[in-house]
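Coming up is one lone chain in structure tokens, specifically the form predicted on its own.
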């Protein structure tokens, strides 16, 4: 039997609380299915800076390299001490270092808000655009010509467009739903960059995915349609910045960022990470919604199953957690929900009830 090593990186703000919940649920579900998991905790963010003087120390990189996959809590973007050797730290640095080029962000109706039948996925390029893999002068992807002018650099590579487009089409085919990929862009203004993005997406479609449907929509009109008719979308293909923005819009339709997980994946590595930020206003209060981080761990298990392919128990563990979350969120008992969704459960209470549900139902 294979034992999988998962690295847990708490992050900042509410990160330690939600990552702890995800770990607890993974432990309970694996107990039910017999899956063997080994957890190692690695420092990142402010915790790492206090102990090592760096927000992404070498021992963390080494530990991640030796693990099968990772779960990351939210990180305090761009506001670490200036003497941090990794400044400005962000999850983007981890993505670039390990070439996690695909950011998969589902938006699904667990608790109906605007619509009750939303089930879409945003496939976002994860390593370039306005967050390029280069440093210019004193900026990270930006440089200053004088105190009143900032020039930002956008990088779009054909190779990056090709692999993220292929990821989106493969996902649409595997989902067995609408078989529709919608590429969002602004090629009427960003003629060269988004033009290249669409050109390569079309090429990928023509060469291997003609059994699917493919459409292109301007980001502004697609954003409006996402609000008016969210149920028509299936897989949305986007560059980095547009994908980031439109995924938050989709989150608003399904109850908020607390329900939106994500997977950062590449050819060799993957990292589960909630879409939400550090929420400093509620950090330490024990009231954070851990669903996004828990669902991110489900996505991570699915990645392990599809890429390692050795253990059916990996897949079964993911389904056990997913079923329990669906059942708990459909409950009318306020003790089954956190404060952000009209419940009264603390983070720990929500997690405990979800663990008990897994044990009872299984």
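Computed from a predicted model, the values in this text were never measured in an experiment. Positions refer to the first chain, counted from 1.
As for the form predicted together with adenosine-5'-triphosphate (ATP), it is not shown, yet the points below apply to it.
Engineer: Okay, which stretch from 94-102, 183-191, 276-284, 167-175 lines adenosine-5'-triphosphate (ATP) in the predicted complex, with non-hydrogen atoms inside 4.5 Å?
Structural biologist: Partner-contacting stretch among the options: 276-284.
Engineer: Which pick from 212, 257, 253, 222 sits with a heavy atom within 4.5 Å of adenosine-5'-triphosphate (ATP) in the predicted complex?
Structural biologist: Partner contact (heavy atom, 4.5 Å) among the options: 257.
Engineer: Does residue 264 reach adenosine-5'-triphosphate (ATP) in the predicted complex if we count a contact as any heavy atom within 4.5 Å?
Structural biologist: Heavy-atom contact with adenosine-5'-triphosphate (ATP) at 4.5 Å: absent for residue 264.
Engineer: Indicate whether residue 288 is a 4.5 Å heavy atom neighbour of adenosine-5'-triphosphate (ATP) in the predicted complex.
Structural biologist: Flag for residue 288 set to yes.
Engineer: Looking at adenosine-5'-triphosphate (ATP) in the predicted complex, which residues in 6-37 have at least one heavy atom within 4.5 Å of it?
Structural biologist: Result: 14 alone.
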